[in-house]
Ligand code: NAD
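The chain below stands alone, shown as C-alpha cells; this is the form predicted on its own.
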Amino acid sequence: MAAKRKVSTKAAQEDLNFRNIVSAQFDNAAATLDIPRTLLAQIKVCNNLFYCQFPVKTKQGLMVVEGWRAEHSHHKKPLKGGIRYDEHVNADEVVALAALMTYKCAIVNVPFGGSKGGVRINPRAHSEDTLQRVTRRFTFELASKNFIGPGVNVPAPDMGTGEREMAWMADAFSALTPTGIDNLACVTGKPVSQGGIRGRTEATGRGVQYGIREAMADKQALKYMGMSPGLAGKKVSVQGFGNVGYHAATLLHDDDDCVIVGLSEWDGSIYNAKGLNPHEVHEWRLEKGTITGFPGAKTFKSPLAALEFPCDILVPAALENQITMANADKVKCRLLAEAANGPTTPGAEKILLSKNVYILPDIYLNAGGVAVSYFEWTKNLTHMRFGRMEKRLNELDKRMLLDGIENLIDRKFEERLRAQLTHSIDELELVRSGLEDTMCTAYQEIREIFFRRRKVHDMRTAAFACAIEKVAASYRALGIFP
C-alpha cells in the first residue's frame, strides 16, 4: 500500500496550488447561484495580506523568521482564523485558508469574517524559549499594523500551535494595551486558567464526530453511500494523529463504537482489521515517540498508506492535497470525512464521486473549532463563565420538583438516581450541546441544497453555495450591492 507508484502524466499535471483549488471550488458554487458578478468578486477576493520578517535571538545565534496574516473578508467583525507554525507555510496557503475561514464561519452561522496566519518555522526543531520569542515578536508585528485585537482580528491555534502559544500571544497583546479590559478576547484557544473555555481543545475533532453522526443518520445520504444507518461497528481509518485526528478517533471509538482500523502520523501508518485502541496507540507514541511498531498492528512507512486501508469511513486529518489523482482510485471508503483543510484535490474528488463516495467537505466538517472559539470569545467579552448565573437555581428547581414527585408517589428515589436527576449542566456540557446543535443545523442546511437543487451535484458545492449566499446577504444588508 505504501509502495512508490508511477504517476500518470495527467496526475502529474494536476494543479496542487491550494489557493487555485479554493478559487475553483468557489467558482463552481458561484455558477449555480443567481448573484451579481460584482458581488461575487467582492466575496471571493482577499482584502488584505500582511507580511513581515523579523530577527529572533536563539542560543545558536540570530534567526530571521517570516510571517503572514491574511484578512479575507470584513463583512463581519472581528475576523477569525488560526495561526500555523510550519516550515512550508507561504502566502498562497495563508490566503486560501483565510478564504476557507470566511466560508466556514458563514456555514456554521458564526458572526466572524475570515482570516488566517502563518509563521515559517518548524516547531519541532526549536526550543520552547525560541518559540516563545517568535510568538511574542509576531504578536507585536501584528499589533503594529492592527491585525490583532478583540474587535479587529482574533487568532486561534492551528497546525504547530496550541494553548501555550495562544497564552503567549494574549500576554504580549496585553502588554501593548495595558488598559484594555477585553484583552483576553484577542485570541481564542487559550488555557482555561487564562480565559479559555472548556471543550475547546477537542472542539474540531468533536465537530468531526458530530458531522459524521449526522450524515450516518441521513436516509438519503445512506442510500447514496449504500450503507446502513448508525456508527457502531463501522470501520474507520484516520490519516493524521495530531490534535484533530486524535480526538476524532478517540471519540468515534469511545462514544460510537466505531472500529478504528488505521491510524497514521508523519512518519508512518499502522493497520489492524480487527481494530486499534487509539488511547493505547497514544500511550505508545508518548513512550516511543512514534505510532509505528505498535504491537498487534502492521506498520507501513508512508503516512499516506492510511488513505488506502479498506474502511467505511476515511478521515483525512493531516495536510492539504493528500488525496490526489495519483491515489484516489485506491481509496476504499464510502464516506470521506475531511477533518483537514483541503485534503482532496478537485481531480481526486471527481474520481471519488464517480464511485458514489459521499464527501463531507472541510469547510463544514472541521468548523467545530471556530464554533467553540466563538463561545470562548463571547465568554471573554461578557467576563462570565457559562452557566454560572443559573446553575444553582436550576438545581434548586429540580430538587423541588423531585421532592414533589416523591411526596406524590410516597417513595424516595435512590441517592444515585436523585443526583443524576438534579444535576445542572456546567460550562463543558453547554459547550458540547452548542457545538452539536451548530454542526447538526449546518449539515441540514447543506444537504438540503445538495439533494434539492438541480445544479448542485456534490456536498462541497452545496457547502460553498450555502456560505456564499450568507455572505452575500451580509453585503446586501449594507446597501452597497443589489
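The first residue of the sequence shown is number 1, and the count goes up from there. This one's a predicted model, so the numbers in the text were calculated from it and none came from an experiment.
This protein has a second form, the form predicted in complex with this ligand, left out of what is shown; the following refers to that one.
Contact with this ligand in the predicted bound form, defined as a heavy atom within 4.5 Å, is made by all three of Q239, G242 and P303.
Stretch 158-166 is the contacting one of 225-233, 106-114, 158-166, 408-416, since its residues have non-hydrogen atoms within 4.5 Å of this ligand in the predicted bound form. Scanning K274, K350, R124, R388 against this ligand in the predicted bound form with a 4.5 Å heavy atom cut-off leaves one residue, R124. For the residues N153, T188, S73, T204, the 4.5 Å heavy atom test against this ligand in the predicted bound form is passed only by T204.
Proximity of R213 to this ligand in the predicted bound form falls outside the 4.5 Å heavy atom cutoff.
In the predicted bound form, this ligand sits within 4.5 Å of a heavy atom belonging to R285. Put simply, K379 is far from this ligand in the predicted bound form: not one heavy atom of it is within 4.5 Å.
This ligand in the predicted bound form comes within 4.5 Å of no heavy atom belonging to I363. Along 289-321, residues P303, A317, A318, L319 each place a heavy atom within 4.5 Å of this ligand in the predicted bound form.
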